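In structure tokens, the next block holds one chain alone, the form predicted alone.
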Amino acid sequence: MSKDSVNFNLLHQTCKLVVLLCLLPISVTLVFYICSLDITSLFDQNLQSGYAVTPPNYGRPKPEAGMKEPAIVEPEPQIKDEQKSMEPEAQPPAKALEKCPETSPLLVGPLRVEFNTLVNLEQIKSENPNLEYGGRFRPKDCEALQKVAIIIPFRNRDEHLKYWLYYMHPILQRQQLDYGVYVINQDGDQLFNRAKLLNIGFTESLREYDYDCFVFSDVDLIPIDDRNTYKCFSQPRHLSGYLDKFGFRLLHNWLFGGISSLSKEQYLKINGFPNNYWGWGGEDDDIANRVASKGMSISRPSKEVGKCRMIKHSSDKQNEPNPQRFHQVTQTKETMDKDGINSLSYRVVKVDKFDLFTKITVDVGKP
């Protein structure tokens, strides 16, 4: 062996020895560092950070054939608890309103009612901001004692209706009523049938709301004292017994035309109103006969409170006096059980909802 070969082998062995000597302290240091780590603490920190860590399967026995792997239950991320804490707390139910008093404290008594100044619907709307669509109103500070449907038989009386809305909405609101105004408009040019329109108003208003009182009012009559309350009483109520047209005198005790109120029970007890009075007159006397035949009487406010004004107007076309009315009134007891709300037939042509009232146009048929 040459001298150069010996020298190379010696150098190679020396380098290997140096490398091993260098690796030894590094290995020792790495071993001590690994031993100093707290693996359990590291695992807990991972859980607290909101992430689930599945521990390794060190020595866990494998399930036998047919057995399911035991499920690992992972903790709920904390973010869900934070979301729950951010949800709004349940609010307590709104406190129920107290009943309105029997006599409204808002009433002012005698009123000045005039028909010589024109009014328009926009003006009336601006002066009654608390009205709901369709001519509905209910008090905000108390629960009304009655739910009242105001039924107006109607045809070609637009100017009269404006005056009615102008005066009556403020009065009815001061009376603290839960009310709605329904204008029942007779379609076509047949003879006018007031009582049938009132029956239709009763039926159609109940389709919208659970009314328990019904005020039937001609469009040309306005009370001049807001203490004349448009509500129902223990007996059918005549609200327009003292008209300026007759010098504020009551013509007779069984007068029941113009404005009257009946509860739902009273109305059904008399089978509603007759449907076969075509033209002017007679139907109010028939209704008074129905009331008497069922053992009820007609009540009224005092003369001081019950005064009303009528808008002057000429006779309506197709509403001429009914020549059969005198005979028909004598037959009330024989006809009332079969002619009334139980025999009512009509067709709704159109329903219009306005800010101040609901207008229902109907086909009432022919005589």
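Remember, it's a predicted structure, so these values are computed and weren't measured experimentally. One-based numbering along the sequence shown.
There is another form of the same protein, the form predicted in complex with a small molecule; it is not shown, and what comes next is about it.
Enquirer: Hey, of 109-117, 280-288, 140-148, 178-186, which bit sits against the small molecule in the predicted bound form at 4.5 Å between non-hydrogen atoms?
Expert: Selected stretch: 280-288.
Enquirer: Which residue, Val329, Met336, Val305, Ile311, has a heavy atom that falls within 4.5 Å of the small molecule in the predicted bound form?
Expert: When the small molecule is considered in the predicted bound form, the option within 4.5 Å is Val329.
Enquirer: With the small molecule left out of view, choose which of Ile124, Leu221, Leu255, Leu131 has a non-hydrogen atom within 4.5 angstroms of it in the predicted bound form.
Expert: Here the answer is residue option Leu255.
Enquirer: If we define contact as a non-hydrogen atom of the residue within 4.5 angstroms of the partner, is Phe246 a contact of the small molecule in the predicted bound form?
Expert: Yes, Phe246 lies within 4.5 Å of the small molecule in the predicted bound form.
Enquirer: So in the predicted bound form, is the small molecule close enough to Arg325 to count as touching (4.5 Å, heavy atoms)?
Expert: The answer is yes: Arg325 has a heavy atom within 4.5 Å of the small molecule.
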